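Shown here is one chain on its own, the form predicted alone, set out as structure tokens.
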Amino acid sequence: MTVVRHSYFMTIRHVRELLRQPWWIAVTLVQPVIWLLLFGALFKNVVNIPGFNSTNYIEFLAPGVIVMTALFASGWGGMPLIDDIERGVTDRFLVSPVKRTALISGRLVHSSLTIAIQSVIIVVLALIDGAAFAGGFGGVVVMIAVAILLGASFGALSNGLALLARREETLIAIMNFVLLPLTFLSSAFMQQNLIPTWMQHVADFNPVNWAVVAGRSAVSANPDWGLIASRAGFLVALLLVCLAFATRAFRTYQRSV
């Protein structure tokens, strides 16, 4: 219970930071809104391609945009940690009784709350633009949940890399190298059976695609709950691996100071 209590206190700390800068959520939504509205308008005739299963591209695109928002928002999650390291805040926490796991989990819970708020805004914009999520409220909740799982995984990865690299330039380079290929090697923009064969095979092992496929199925008229559960299970396993990496990175950092 100590870890839970410490995680709660760390989450409150980061939520207070967010409340002091609520405009940050709006700023980070600029790119997703461009993806949703401009990409949606630009490629709306994609639905006329033979074999494309959706009649509304915005409806098809929205789960991908939600997942991409979670991915990129969490991918930069290590930047504030580097700032804390440079200002000596992290070192002060390390000489306190706080659990090391809580120093990571508090940031991840805060990031998850931000992702949830952003996802709701994107869903509302998609509905205004003509999308109709047949899976209803429950399907939308599941779609947001799998996006949060993906975001938490990459948030833990980003924090772990921040502890090892300790330089913003290095973290930016690494995350760009990881995030952009994963985004375009998924079915976020195009139905998986219509992308090149080699990309289809890569997408099967791509965690971004796991979240996109699960979220898109959840809001469809006939959700495949077996598929959703399996992809969510993969994401949970990835989260555990990334949490273990971040925790070990904290220990490595502590030994070096």
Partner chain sequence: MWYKSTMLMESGTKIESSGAVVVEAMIEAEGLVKTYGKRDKAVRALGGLSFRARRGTVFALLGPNGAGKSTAVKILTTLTRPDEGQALVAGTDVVAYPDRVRRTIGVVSQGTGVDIQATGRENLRLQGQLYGMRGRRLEERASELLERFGLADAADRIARGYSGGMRRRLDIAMSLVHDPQVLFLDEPTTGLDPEVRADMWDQIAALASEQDKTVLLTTHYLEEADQLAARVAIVDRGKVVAEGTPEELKSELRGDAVYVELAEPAVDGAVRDALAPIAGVREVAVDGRALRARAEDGGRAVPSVLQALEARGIEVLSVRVARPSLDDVYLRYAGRTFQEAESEETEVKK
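Positions refer to the first chain, counted from 1. Being a predicted model, the structure only gives us computed values, none of them experimental.
Omitted here: the form predicted in complex with the partner chain. The next part is about that form.
Chemist: Given that the partner is absent here, state which listed stretch (94 to 102, 117 to 125, 153 to 161, 67 to 75) has heavy atoms within 4.5 Å of the partner chain in the model of the complex.
Modeler: Selected range: 94 to 102.
Chemist: Given that the partner is absent here, does R13 sit within 4.5 Å of the partner chain in the model of the complex, heavy atoms only?
Modeler: R13 belongs to the contact set for the partner chain.
Chemist: Quick one: is V89 in contact with the partner chain in the model of the complex, heavy atoms, 4.5 Å cut-off?
Modeler: Yes, V89 sits close enough to the partner chain in the model of the complex that at least one of its heavy atoms falls within 4.5 Å.
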